[in-house]
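Below, in structure tokens: the form predicted alone, a single chain.
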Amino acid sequence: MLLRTKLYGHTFEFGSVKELLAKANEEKSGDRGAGIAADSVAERVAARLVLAEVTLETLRANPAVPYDADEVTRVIDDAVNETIFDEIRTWTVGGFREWLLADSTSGEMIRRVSNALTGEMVAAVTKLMSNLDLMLAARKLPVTAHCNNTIGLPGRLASRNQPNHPTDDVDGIRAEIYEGLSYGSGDSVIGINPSDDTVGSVARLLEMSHEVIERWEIPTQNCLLAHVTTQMEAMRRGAPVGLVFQSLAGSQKANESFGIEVGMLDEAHAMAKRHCFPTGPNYLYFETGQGTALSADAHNDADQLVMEARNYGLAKRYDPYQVNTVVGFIGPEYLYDAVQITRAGLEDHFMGKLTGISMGVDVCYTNHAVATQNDIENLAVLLTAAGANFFIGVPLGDDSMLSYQATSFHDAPSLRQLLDKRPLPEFEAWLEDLGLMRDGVLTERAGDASLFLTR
């Protein structure tokens, strides 16, 4: 296969589809560190010119990790709808981009085609899009799911109440839950990152958070972001689980570094459908992030964006309630500054929606990244306009357990007010019953967590 073009008198040639995809990627410090990024802006443009003429059939035939060597590749490729793929196999990546952005192309049309896409196809078209393209295309693609409430409806923006505590103190976490609820955070999930991953500690926090949900009749669900096997054992012992969580990566080797494999996820999914307390039918919660496979030396010389797109193909197998990319969490070694974090957040949200999953973003950064709170607020506004399903809410935007900066309990209400969004419908009705919200806007009672000490 000849992957070559001439640009301003200079010939650029790429040795493989994988190399071409990497060179076409936006600048990312992780790709640069891995030695696979374009050497110049001119080479990046040349790669995109060549990539625009590559067919979707060629991308399917050249996965980032070979089919016989990787179960993630097999999961994604085996799920391709062959009837639909036969209709689009000859499309070029450039033509696919134009089709996605055309006013005549509806979300329903894109949703049908998404059933014939692999991660490499999703990543390739993403590389040819500007930030505004990514927003416009994602906005066409609402994806809904239901656990104890309905996420992803147009005009709605949910918030995960993330009440982390450095020592898993039950009273401290309960107080954070109440504070978040008082600002309207928690309709996505009350999701706790435990510092202690033992079954006993996880079960204790599941029981406490479930008791809060039951006492206050909150239309939401709980989740402990422990390893999936710990949650499974907690379920076996009778702990009340709302969503089952696991971090994902885009290759079998990277997932093995997490201590997971597809059979384990299949078992967890089946167990969730039997034992989780909400009505469902969507019971899984996944987190991802560009650089995950690279950080485990399990990227197979593929770029961060391609490996991230494969995460969403794997996640789709389980029809999750929600997925989010923890976009700036791994650090500046992979996404150096606010420009790269912003680009990655918009890319990931679009790719998740194009794949067909309920997608949100943890708009965040580590303290050694070249970014500020203003930068992530900017990204949150862009993602809200693009139709993101949910964001994270932590007290004051500063996670005391994970030591990173994210969106706060205050941010979701501000974004809702700014861009005419509301909480999830069941949760909004609950907030109104408590007097915390009226006509989609928080009342003067909002922020007073003492309300939850009255029973």
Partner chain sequence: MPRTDIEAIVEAVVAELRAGGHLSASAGDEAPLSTPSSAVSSTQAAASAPPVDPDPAVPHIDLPDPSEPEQRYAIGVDDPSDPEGLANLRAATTARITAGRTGPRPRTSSLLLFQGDHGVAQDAIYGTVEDELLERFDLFRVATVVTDQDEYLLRPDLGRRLSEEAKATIAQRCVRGPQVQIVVAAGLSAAAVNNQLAAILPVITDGLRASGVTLGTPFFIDFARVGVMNDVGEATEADAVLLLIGERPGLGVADALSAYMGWRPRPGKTDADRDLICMITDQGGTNPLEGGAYVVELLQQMLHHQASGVALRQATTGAES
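On a predicted model such as this, the values are computed, not experimentally measured, just so you know. Positions refer to the first chain, counted from 1.
What follows is about the form predicted in complex with its partner chain, which we do not show.
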query: Its partner chain in the predicted bound form: contacting segment from 214-222, 95-103, 251-259, 132-140, heavy atom within 4.5 Å; finding: 251-259
query: Residue (of Glu377, Glu71, Glu207, Asp319) lying close to its partner chain in the predicted bound form, criterion heavy atoms within 4.5 Å; finding: Glu377
query: Contact test in the predicted bound form: Pro423 vs its partner chain, heavy atoms, 4.5 Å; finding: no
query: Ser403, heavy atom within 4.5 angstroms of its partner chain in the predicted bound form; finding: yes
query: Ala234: touches its partner chain in the predicted bound form, heavy atom cutoff 4.5 angstroms; finding: no
query: Tyr183: touches its partner chain in the predicted bound form, heavy atom cutoff 4.5 angstroms; finding: yes
query: Residues in 63-87 with any heavy atom within 4.5 Å of its partner chain in the predicted bound form; finding: none
